[in-house]
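Just the one chain here, the form predicted alone, laid out as structure tokens.
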């Protein structure tokens, strides 16, 4: 009798035990870079990158929580283990690869120069002597600075603040990634029709998800998910939702 009870208890325990929980990871995103990362009406992270991560997590059987984290210091946070992933439109560069590991690319971009509607430039050289704004420590700032065209650069914590100053006449131009520029030119209600993309750089850049050096297990999961989303067409659907095109 004792044997039967023990066996029954064991079977009951096995049958009622919870299923193996999915691995959980925390991703940081600076949610002021629309339409890639922004906050929804309920103050929750949304946009292309959070949607992409949710689809990726589902594809590979993991859980990813996206948290809003200020850009200043966001890369340092993944280095110290505060979170596992940076999903904040981070351009893959050789300099950054010395300090961090990157996933395969998940979005291709070029730099765009925004001007008030009706104004134009034909090259970065035309920015000479102009007041040009951009988000601090972003590729757009680096591109203008490295071009050495003599622009008066001003860096902002939030690209939206730079665009506000542009509309108020306190800046002559703003430089940012082209999906962000398209959002402000075409989709954002209070800026649509007031701005134009006057110039785009030819050099292509690629966004990647950032992890701490040595996180090969996590990197493999991210790369597997990226491949699935590309091949299944889900990546294209997410792009159409946020940019209106399957870029």
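Residue numbers count along the first chain shown, from 1. Quantities reported herein were computed from a predicted structural model and do not represent experimental measurements.
One more form of this protein exists, namely the form predicted in complex with arginine (ARG); it is left out here, but the text below deals with it.
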> Of the residues 127, 162, 112, 90, which one places a heavy atom within 4.5 Å of arginine (ARG) in the model of the complex?
Replying inline: 90
> Tell me which of 56 to 64, 212 to 220, 26 to 34, 184 to 192 has residues with heavy atoms within 4.5 angstroms of arginine (ARG) in the model of the complex?
Replying inline: 26 to 34
> Taking the shortest heavy atom distance, is residue 207 within 4.5 Å of arginine (ARG) in the model of the complex?
Replying inline: yes
>> Even though the partner isn't displayed, in the model of the complex is residue 96 close enough to arginine (ARG), meaning a heavy atom within 4.5 Å?
In response: yes
> Is residue 103 close enough to touch arginine (ARG) in the model of the complex, meaning at least one heavy atom pair within 4.5 Å?
Replying inline: no
>> Within 4.5 Å, heavy atoms only: does residue 147 come near arginine (ARG) in the model of the complex?
In response: no
> Since the partner is left out here, which residues of 108 to 144 would have a heavy atom within 4.5 Å of arginine (ARG) in the model of the complex?
Replying inline: 135, 137, 138, 139
